[in-house]
Structure formats: structure tokens, C-alpha cells
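Single chain ahead, written as C-alpha cells, the form predicted alone.
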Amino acid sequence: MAEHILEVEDLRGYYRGTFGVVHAVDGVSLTLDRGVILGIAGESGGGKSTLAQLVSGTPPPLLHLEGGRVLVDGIDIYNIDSEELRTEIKCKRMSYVPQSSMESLNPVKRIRDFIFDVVGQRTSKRVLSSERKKEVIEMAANHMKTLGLDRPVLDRYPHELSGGMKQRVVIAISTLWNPKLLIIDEPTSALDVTSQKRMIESLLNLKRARIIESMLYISHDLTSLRQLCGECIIMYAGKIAEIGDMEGTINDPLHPYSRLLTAAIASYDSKGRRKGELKSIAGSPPDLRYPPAGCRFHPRCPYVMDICKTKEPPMFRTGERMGGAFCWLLASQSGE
């Protein structure tokens, strides 16, 4: 059996505030094997970024862990002290690059000085000696080559870099310690097509160079997921709708939501002509302060049955395909 680098068990995370309680991630379980790139897709508000924040071990102030476990490299990250999480788990075993992470670079510091600060934080040595700084510069320069960044980037300020370069700098800093797992959220969403391609190539280079082993890649863009990922999870309204291999999910989706999601992707033939008709998904995602009973997709599903409105579906598997879907339509096909 393959060894898991990440195990998520019945994870629940809710936002709590004056607005009420938002059931943003509600009973999610998944595993990620070593060497695998797992993609997570779905509409905005489906819980993808919230899941990444919970898996990172340090959710933002309004997001609360309500239940479940997260094991990274076999370690329950919510059952260790904050110092161990900071110095032994983050960056060394797991690294998290959040959405819009390029804005995290200090605008008044050169990239090299920002790196010195990060190294000081991660090694409990707040002030680095001159000798140690030279070592860090050499390590960072060599590391950045993997991401297509030249040494002079270290001497620049963030405003002197393009959006794509800033994003790759953040990824380079996040992977300085060769983490086994990289969690990355929407790294291409703010980039032009050329920069998106370069970003995807850079991420693949990190894996080829064995700087990282596995990746949890979050995106609303199934096209970019397809270029990177071997496996895919489709999330909807805080829950997993479908999980399986990437090509199977794209070419033969099992869940009605997955089918509608893939039908909304523009595809073209060899002559640049669009194939098929683009379709939108009727309705809107539910207000997760008041999630619907049963299957959360049932108010928008064209195949809704009475059972869908009252009883939450388990995961059904069909044939020899990896994974399966949480949909009552598959009950007769699964043999379960």
C-alpha cells in the first residue's frame, strides 16, 4: 500500500462571528499519498481555501476547528504545541502558499532581507551572522534556479518584479527546506496565460528535482489542474462531491455537479474552433449558515430525487474506477 503524507479525517471547520456560524468545511475526509499531486476544484465559496487553511494548522481568527484530525507525515498537527508546529512541521514537512500570497512580501525590503527574516523565524535564530547570511544567499540562489529565477532577483524589491515572478519568489521561499508536502492555493488566478504556463512548469520542476514530494493544489480552473494533477477532488458547499483520477473526473464525471462543472469549460479542436456548447450551472451555491438537508447540491440538481432532499449520500464506487461520488444516483450502479 502507498504511504500517506496527508490524512484528513472527518474535518469540520466553521466561521463564527456576528454573521452567525458558517459551515465552511463540514465532514471532509481525504488522503494524499507520497509522490501524488492532488487537485481540489469547485466554485468559489465551496470550501477549497478554507480546507487548505485548516490543513495548514493555523486557520485565521474567525475560522474554528470544530472536529476531525489532520495528520501530516503521521503527526497530528492539532495535537502538538505551537512551537513544534512552527519549527518542525511548517516549511520542513509541510509548506502552505495561500491565495494572493505574493502580497505577503514586505514592500520596503529586498527579497534577500525578507528571506533572512524567514530563516531566522524558522530556525529560532532571530539574528543571522554574516557567515550564515552568505550561506543562506547561496542556498536561496541555487533553489530559485529551479523556479526559473536568476540570482539578481535576490537584490530586488517586490515592486521591481512581475506578478508571476513575485508568486514564484514566494513559492521558492516556502520550499527552501524541501517540505514533503506543498499546499498551494490558486497560484495562477492573478496571472496572464504565459505566466500561468511558467508557474505550472516551475511547480513540476520542484517535484522533478525532489524538492517536494507531494502537492495539494487548489484551483477553480480545471484546465490548470489537468496539467499538474494525477488525482482530483470536486468540492461543493463544504463537502466532497467526487474524488477520483484526474482524467476520469474530466472525461467521465460521476456526480451531477462535476458534470455541470466540466461542461462549463471551453475546449477547442486542433484548428482553434470551440467544441461543444458552454453550459452554466443553474442557481447559486447555498448560504452555508443554513446548509440544506440531505445532499447539498439537491436545490440545483437536474436529477434530484426525494431521498436527496432528506438523506446525505455516502460515497458510491462504480466499476474499477478510483474513488467515487457522493450521489444517490449511483446507488444502483455501485453494487453496495
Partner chain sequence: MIGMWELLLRSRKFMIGLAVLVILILLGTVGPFLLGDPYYMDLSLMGRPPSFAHILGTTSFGEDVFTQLCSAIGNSLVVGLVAGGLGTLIAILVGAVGPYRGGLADKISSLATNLALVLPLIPLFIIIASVVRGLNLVLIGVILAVTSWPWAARSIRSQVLTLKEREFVNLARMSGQNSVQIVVTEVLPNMLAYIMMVFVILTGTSILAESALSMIGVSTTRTITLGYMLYWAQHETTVPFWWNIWWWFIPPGIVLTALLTAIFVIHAGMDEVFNPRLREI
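Residue numbers count along the first chain shown, from 1. The structure presented is a predicted model; accordingly, all values stated were derived computationally and were not measured.
The form predicted in complex with its partner chain is left out here; the points below concern that form.
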Report summary line: Students should find that, of R110, H143, K180, R122, the residue having a non-hydrogen atom no more than 4.5 angstroms from its partner chain in the predicted bound form is R122
Query raised in the report: Of the options L71, L149, V118, I89, which one has a non-hydrogen atom that comes within 4.5 Å of its partner chain in the predicted bound form?
Result: V118
**Report entry** One stretch from 210 to 218, 128 to 136, 166 to 174, 73 to 81 that, in the predicted bound form, holds residues within 4.5 Å of its partner chain by heavy atom
**Finding:** 166 to 174
Query raised in the report: Should L62 be counted as a contact of its partner chain in the predicted bound form, where contact means heavy atoms within 4.5 Å?
Result: yes
**Report entry** Non-hydrogen atom contact D155 with its partner chain in the predicted bound form at 4.5 angstroms
**Finding:** no
Requested in this report: May I ask you to check whether T58 falls inside a 4.5 Å heavy atom distance of its partner chain in the predicted bound form?
Outcome: yes
**Report entry** Residues in 179 to 199 close to its partner chain in the predicted bound form, defined by a heavy atom within 4.5 Å, in order
**Finding:** none
